[in-house]
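Taking the form predicted alone, here's one chain by itself in C-alpha cells.
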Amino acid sequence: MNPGDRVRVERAAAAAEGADDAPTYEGILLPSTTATEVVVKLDGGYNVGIDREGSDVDVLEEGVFEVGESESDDASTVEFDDDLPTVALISTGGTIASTVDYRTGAVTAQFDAEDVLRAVPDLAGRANYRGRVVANILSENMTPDVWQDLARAVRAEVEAGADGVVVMHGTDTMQYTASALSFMLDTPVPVVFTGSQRSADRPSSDNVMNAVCAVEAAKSDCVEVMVCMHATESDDRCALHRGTRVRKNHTSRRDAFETVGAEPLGTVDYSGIDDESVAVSFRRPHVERDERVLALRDDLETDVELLKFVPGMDPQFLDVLEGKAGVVLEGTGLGHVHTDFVERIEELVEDGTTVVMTSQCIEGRVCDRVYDTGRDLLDAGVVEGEDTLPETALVKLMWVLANEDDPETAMGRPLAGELTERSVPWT
C-alpha cells in the first residue's frame, strides 16, 4: 500500500461494535504526517484523516497517480492528423494546469501541456496540438517578464504554423496578461486565454468545458486576444471576452469573468460543441483572419504603478511615486481625488511622470471637465484614461511608454479595443 493507490478504508472497530452503518471511505491514498492516521482524498475532492487503529484498508488499484512532481520539457508533441487544424497549447500554470500533489495532498501547478491533453480527453480529435510550457506558476506570481516570454512564445507558435493558440493561465491575474498580449502582439490567429476556478480533482471543476471551448474558439475566425470562461454557473456555454475589456468580478463563481461596459465578443455553445457550424458565434465586430500580419512589439516600461485613491489618504503617500515613469490613478466617480493631491500630482508631471486618471466605477468613463477638481487635474497635466479599465490602463501605460513617441496622446486613443469612442447604455 503506497501513496497514489486507490483504497477502501472500513472502520472495522465500528462494525465489531455492532454499528449498522460502519463508515467506509474510498479514494486515493495520500502521504500521512503521522503514524496513527491514514489520509484519503475522497472522490468528492476532500481529504479525510482516519485512525489506523481499528481500520481495514484494502488496495483497489495500485499506482493510480504518481507521487511527486511530474517531469516535463519546455515543449511536448502529439501525433498529427493532416485533416485537423493545429492549436498550440501554452501553459503558464494556474488551476486549469493543476492537480493534486500526492506528496502533500494540496493542489499544485505541475502539468505541462501534454499532461493537459491526458487530463482533458475531450480535447482529442478537435485539433492537432503543439505543447509549450512558458511558466509553471500560480497567477499571483505573474510578472511583466513572463508576459514578454509568453508573447514571444505565441509568436514562435504562429510562425511554426499554429492556426490558433490557447494559453492556460491562472484566473486571478489573467486580465492583466491578456491585456499585455493585446498590446504587444498583432496576431493573425486567435489567441485564447482560459483557466478554471476549480481544480480538476473537484466534481464541480470547470476545466474541461473551458478548455474545450477555448480550443473551439482558437479555430474560429476571430483573430484577437480573448478570454474564454464560463458564461453562466451551468455547463452550457462559455463567453469570449476581448482581452482588454474583461475583468474577474467574483472570487470563486465559475462565471466570474465579465466584459465591462458591453456584451462579450461572442459565445461557445458547449451543448452544440460537436457541430462546429453553430458552436462558436460572434455578436460584435472583431478582427478576422487575413486582416493583419504577425507583429510583435514587446518592450515594456515596468516602472509604473497603479494607485487607488481613498478618502482620508495622506497626500504624502504620493512621495513614494517620485521618479516613477508612470502612474495610473484610480479616482472616484468621473476621475477625482482630494484637492490636496492636485499640487503634488502637478509636481510629478513636471518631473516627467506620466499620470493617467481612471475611475473606480465598474462602468462609465472619466470626464474631468465637469467639476472644478477635474479641471484642476487637467491643468496639472493629468491624462484622461477615458473608459479604459484601471488594470488595463496600467498595462497599456507600460506599453506606450516603451513604444510610443507621444504616450499622453496614445493613452487617449484605442489601440487594442481597450476604450470606446463613447459610452452608451446596453441591454
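Start at 1 and count along the sequence shown; that's the residue number. As the structure is a prediction and not an experimental result, all values here were calculated from the model.
Beyond what is shown, the protein has a form predicted together with another copy of the chain; the following relates to that form.
Participant: Among 216 to 224, 133 to 141, 157 to 165, 286 to 294, mark the stretch whose residues have heavy atoms within 4.5 Å of another copy of the chain in the model of the complex.
Facilitator: In short, 133 to 141.
Participant: If the criterion is a non-hydrogen atom within 4.5 angstroms, does every one of Thr187, Ile273 and Ala279 touch another copy of the chain in the model of the complex?
Facilitator: No: none of Thr187, Ile273 and Ala279 comes within 4.5 Å of another copy of the chain in the model of the complex.
Participant: Check each of Lys248, Arg344, Arg126, Arg254 and return the one that places a heavy atom within 4.5 angstroms of another copy of the chain in the model of the complex.
Facilitator: Residue within 4.5 Å of the partner: Lys248.
Participant: State the residue from Leu378, Leu42, Leu60, Ile362 whose non-hydrogen atoms include one within 4.5 Å of another copy of the chain in the model of the complex.
Facilitator: Checking each option against another copy of the chain in the model of the complex, the one that comes within 4.5 Å is Ile362.
Participant: Does any part of Val382 reach within 4.5 Å of another copy of the chain in the model of the complex? Heavy atoms only, please.
Facilitator: Looking in the model of the complex, residue contacts with another copy of the chain do not include Val382, since no heavy atom lies within 4.5 Å.
Participant: Using a 4.5 angstroms cut-off on non-hydrogen atoms, would Asp314 count as touching another copy of the chain in the model of the complex?
Facilitator: Taking the distances in the model of the complex, the answer for Asp314 is yes, it comes within 4.5 Å of another copy of the chain.
Participant: Quick check on Trp147: any heavy atom within 4.5 Å of another copy of the chain in the model of the complex?
Facilitator: Flag for Trp147 set to yes.
Participant: Answer yes if any heavy atom of Lys324 is within 4.5 Å of a heavy atom of another copy of the chain in the model of the complex; otherwise answer no.
Facilitator: Yes.
Participant: Can you name the residues of 298 to 320 that have a heavy atom within 4.5 Å of another copy of the chain in the model of the complex?
Facilitator: The stretch 298 to 320, when checked against another copy of the chain in the model of the complex, contributes Glu305, Leu306, Leu307, Lys308, Phe309, Val310, Pro311, Gly312, Met313, Asp314, Gln316, Phe317, Val320 at the 4.5 Å heavy-atom cut-off.
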